[in-house]
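Shown below, as structure tokens, is a lone chain in the form predicted on its own; questions about how it binds or moves come after it.
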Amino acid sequence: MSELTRKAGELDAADPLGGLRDRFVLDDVVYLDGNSLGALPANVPAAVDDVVRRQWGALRIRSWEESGWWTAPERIGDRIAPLVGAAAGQIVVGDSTSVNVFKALVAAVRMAGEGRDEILVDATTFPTDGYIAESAARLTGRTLRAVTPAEVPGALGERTAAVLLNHVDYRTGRLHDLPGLTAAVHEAGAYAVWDLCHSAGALPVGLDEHGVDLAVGCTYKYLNGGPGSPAYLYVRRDLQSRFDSPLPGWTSHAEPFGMRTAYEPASGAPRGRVGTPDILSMLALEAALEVWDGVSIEAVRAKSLALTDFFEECVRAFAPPGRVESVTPAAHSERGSQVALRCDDAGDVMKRLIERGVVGDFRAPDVLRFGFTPLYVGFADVERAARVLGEVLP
């Protein structure tokens, strides 16, 4: 037994979250792609079967009331809220991340008022956020300027209406300074919109604590909601009465069944709704969130950092010298829950890894990306992944 194998066994034996693996459907592969699509929680198939056969099949239209379909967007939002550091009544679930980015950014610009004619967007953002920001700027008659998160404080000014930022860089796993950047945005009199897709469910976010104005996120990564599961929108409580959605819909109307021609927004989180909730995927998400019962996000963060530290240690031991280079910050304060390795033939290397039962993903042109979901990834998984990586590197 190698020293690293022994260490992995000791770490797994001492892991307070080790028993959570049984809450998921997992096979013998090492699954390090939960930052793209989380694993299937074991309770979800039965829950979805009930939704289809009983709630839809037997109760049919009655389920809007009797099965709680109508209130699901807010109810599930309240279930997500503790995972991102928010009190109840500030998150609504529905639509895609892209749609919610559009709602949040346009609403932020509208709240900022006519005197502020510039939007700042994270230059390193996931492409869709950039596309949405460009469209929002055209729609609202603002100019758009792309800057890196590090450049944001120096770019802010009296013209700034809103700033759209990613909490964790999707390529490198770099964790950006949400408290500091939010404070800087507020000091300039602007509004901060955060994309939490790569942080929610992996580390503490502290939306309420840090005064974030608006935030969006997906639920199919670290929250394990399933492919295409609906996203969510956070609107800070004191801003809700001013939140002017660019996509008003009948379900966000103060009287949704009044069928009035004039729009009057609902109060609270429901004014972030648009159309009919996507019930099948939404209730699968609700069932998936049960895996978080009794789980502390702080404990998840502690294990995440331990996993990524151990992976880096194992890669240094197993990979040929100079063959791969980590582009993920070493400092815990700057690291999300993934490790990205630069490798010249990364696409081919990832194919060989997957053939050997280690599943990560590839980001062009040269990045191997490994996501660590502490709810089901163990230290023996980490040691095996790094060992196989060393074996497949030519």
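A residue's number is simply how far along the shown sequence it sits, counting from 1. These figures come from a predicted structure and were not determined experimentally.
One more form of this protein, predicted in complex with a small molecule, exists but is not displayed; see below.
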Exactly one of 221, 273, 142, 174 has a non-hydrogen atom within 4.5 Å of the small molecule in the predicted bound form; which residue is it? 221
Using heavy atoms only and a 4.5 Å cut-off, determine which of 166, 304, 160, 90 is in contact with the small molecule in the predicted bound form. 166
Which is the contacting stretch out of 240 to 248, 182 to 190, 275 to 283, 92 to 100, given heavy atoms within 4.5 Å of the small molecule in the predicted bound form? 92 to 100
Test of understanding: in the predicted bound form, would residue 170 fall inside 4.5 Å of the small molecule by heavy atoms? yes
Is the gap between residue 310 and the small molecule in the predicted bound form 4.5 Å or less for some heavy atom pair? no
Considering non-hydrogen atoms and a 4.5 Å limit, does the small molecule approach residue 126 in the predicted bound form? yes
Looking in the predicted bound form, any heavy atom of residue 213 within 4.5 Å of the small molecule? no
